[in-house]
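A single chain, nothing else alongside it, follows as structure tokens in the form predicted on its own.
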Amino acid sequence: MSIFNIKNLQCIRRDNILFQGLNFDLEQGGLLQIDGVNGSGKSSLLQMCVGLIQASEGSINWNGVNIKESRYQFQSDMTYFGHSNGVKAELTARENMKVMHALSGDKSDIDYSSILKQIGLAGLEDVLLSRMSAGQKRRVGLSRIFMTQSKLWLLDEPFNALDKNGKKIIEQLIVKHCTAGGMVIFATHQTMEIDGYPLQHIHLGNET
């Protein structure tokens, strides 16, 4: 039985139908990539899945219940990471992580240094983000998904600004989350380098 699914989803923006009749199911351990040309509705689809915007038609369900009817439970079970890193340049990596952790509502103890090591930023705990590269800032922003117990991750272009090594690190951590029973839906135009793990795929829009 699927844990997360959408049924007959339609998205209309500025009187244009970006997509319609969209269906998919995601089971425990599921990994789903959304791609398509700019303006095809990738970000809109993710925002609908999160509940930030409403679909023109269709339903989005979590554990068999529409997310409109189980908003609190759904919000506590998922983490969304959008285009913005959501970090402050005047704070250090550790300080930013403390803020993100507090805002998540998670009460567990967090080893910030361990997470930074996992994402390839060992030893940079006390470095101001204003002194970091764009890729390093992106990784600090992404650290929020590793500071919660969320089952479902929804990620919008998570590999932006990352070099090849940074992308590989995040890919491996995404697969690790799914292998442990989590689920990930992500939008990216980049080619994934995931071997040995099943990857579902949705393409939006028509390329000319």
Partner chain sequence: MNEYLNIFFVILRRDLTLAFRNKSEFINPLMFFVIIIILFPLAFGSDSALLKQLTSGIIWISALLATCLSLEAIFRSDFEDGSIEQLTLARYPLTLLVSAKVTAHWLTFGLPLIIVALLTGLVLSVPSQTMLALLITLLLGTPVLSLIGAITVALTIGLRGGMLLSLLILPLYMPVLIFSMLAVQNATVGQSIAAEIYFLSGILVLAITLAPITTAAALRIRLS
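Residue numbers count along the first chain shown, from 1. Take the two forms, find the largest set of C-alpha atoms that superpose within 1.5 Å, and that set is the rigid core. Nothing here was measured: the structure is a model prediction, and the numbers come from that model.
FYI, the form predicted in complex with the partner chain isn't displayed, but the following is about it.
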Which of Leu52, Val65, Ala180, Val37 has a heavy atom within 4.5 Å of the partner chain in the predicted bound form? Leu52
Counting only heavy atoms and a 4.5 Å cut-off, does the partner chain in the predicted bound form sit next to every one of Arg71, Asn85 and Lys107? yes
Is there any non-hydrogen atom of Ala102 lying within 4.5 Å of the partner chain in the predicted bound form? yes
Non-hydrogen atom contact Leu121 with the partner chain in the predicted bound form at 4.5 angstroms: no
State yes or no: in the predicted bound form, is some non-hydrogen atom of Ser76 no more than 4.5 angstroms from a non-hydrogen atom of the partner chain? yes
Partner proximity in the predicted bound form: Glu95 to the partner chain, non-hydrogen atom cutoff 4.5 Å: yes
Which residues in 112-132 have a heavy atom within 4.5 Å of the partner chain in the predicted bound form? Leu128
Superpose on the rigid core, then tell me if the C-alpha of Ser84 is displaced by 2 angstroms or more between this form and the one not shown. no
Superposing on the rigid core, does the Cα of Gln136 end up 2 Å or more away between this form and the one not shown? no
